[in-house]
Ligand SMILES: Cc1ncc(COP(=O)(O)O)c(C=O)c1O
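As a starting point, one isolated chain is supplied in C-alpha cells, in the form predicted on its own.
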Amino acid sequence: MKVPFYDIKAQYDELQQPIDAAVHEVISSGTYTISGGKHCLQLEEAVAKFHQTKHAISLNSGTDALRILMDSAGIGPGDEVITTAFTFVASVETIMQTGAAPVFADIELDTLQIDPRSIEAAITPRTKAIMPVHLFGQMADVDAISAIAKRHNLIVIEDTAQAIGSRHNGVPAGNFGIGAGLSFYVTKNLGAAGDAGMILTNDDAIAESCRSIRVHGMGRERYYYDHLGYTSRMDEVQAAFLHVKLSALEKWNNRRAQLAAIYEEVLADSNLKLLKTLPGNNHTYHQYAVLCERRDELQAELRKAEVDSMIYYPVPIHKHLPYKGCKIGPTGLARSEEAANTVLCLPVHPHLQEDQVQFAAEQAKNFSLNLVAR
C-alpha cells in the first residue's frame, strides 16, 4: 500500500472552487503586490484572531519573520541568542545575519524541544535573547523559558514556523515573548502556493518597526525611510490563497491528531521510542516523529513497502561548515546529536486514510520487533 509523505495537491482539490475564485479576483484586479493590500489585511486580521495576538504582519517567508523581529528588538553585534541546533537552518542563520552570535542549548530527547536547564546554563553577560523553536507542531516548555527570561531580563522570540495553531494551556503560540515567526512554506500545516510567512506580536512598537522594515524601512509616508529594511512583503495572490486555506486549518490539524493517535496505539508496544506531549500543550503534528537506533534501516524497509518517510534533521546545525565556530553551551549537545542519528518522521498529513496510517505503523512496528528477534 502506497503511503505518501505529502499530498499538497489534495488540499487544493478540497478547496479548489474558493481558491480559484480568490486568486482570480487578485489576478483580474491587477493589484498584485501592495503594502496594505486587501487580501494581506484580511489574512493578517484572521491569523491575529486565530492566534489571539494584537498584530499579525504578512511577509514573504518565515525566515524573514525571524530576522525582522530580531532587527526590531535591537539584536545585533555583540549580542548572544540562545537557541537549538536541532532545527531548520533558518532559526540560526537569521541570528548570524543580524551580527549576533548563536549559542546552542541541548534538547530533551522525549520531546525534541529545547531544554530549559540547558538554556539557563548557557546564559552569559552577552545573552540578549532566547529563541525557542516549537518543533514538529508542539510548543517548547514556554512556562520554564518565560521564567528564565524574566529572571535574566532576556527577550524571547518564538520560532513558530512549524506550530501554527499550537497552544499551551489554551494560549496560542506567539503570546510568550515579544513576537513569533510563522512559516507558510508549501509543506506546512497552512501552506502557501510558494513562500510566505508572518510575524505575530502584541507589542505596538515592535509591530510598527516590523511593518516598516518589511518594505525597505519605509515609514508612514511613501519614500521616506525610518529603518534599514528589506523587500519582505507578502503578495496578494499568496494572501488570498492562504486566507481560503485558513478556513480548513483547524479541521486539518484535528485530522493530523486523529492519525497520530493511530500511530500511538499501534506503536505503543513496539521497540521504537515515541515522543511525549508536554503538559498543557496541544500538538498540531506538523510531523509525527519516532526514534530508532537503526533509523536508516527502518527507512529502507518502509521504502520497500512504499511507505514514505523523512529525516528531520540528519545533521545538527553546529556540524555544518558555516556554523562550526558557533558557541555551544556548557551542557553540550549530546542529545541533539543522538536525535539527528535516530529521528524518523512518518506520514501524518490530513488527507491520508486510516488504513494507510495503520499500514505504515504496522510496518514500522514489525521492523522494530524483528530487530529484537534477530
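In case it trips you up, residue 1 is the first one in the sequence shown, and so on. The shown structure was predicted, so the numbers you read here are calculated from the model rather than taken from an experiment.
What follows is about the form predicted in complex with the named molecule, which we do not show.
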The named molecule: the contacting residue among S309, T342, T63, T53 in the predicted bound form [heavy atom, 4.5 Å] = T63
Though the named molecule is not shown, can you say which of K128, K188, R211, H168 has a heavy atom within 4.5 Å of it in the predicted bound form?
-> K188
Any chance F176 has a heavy atom within 4.5 Å of the named molecule in the predicted bound form?
-> no
May I ask you to check whether W252 falls inside a 4.5 Å heavy atom distance of the named molecule in the predicted bound form?
-> no
Decide whether A90 counts as a contact residue for the named molecule in the predicted bound form under a heavy atom distance cut-off of 4.5 Å.
-> yes
Please check if Y313 has a heavy atom lying within 4.5 Å of any heavy atom of the named molecule in the predicted bound form.
-> yes
Residues in which of 108-116, 232-240, 159-167, 273-281 have heavy atoms within 4.5 Å of the named molecule in the predicted bound form?
-> 159-167
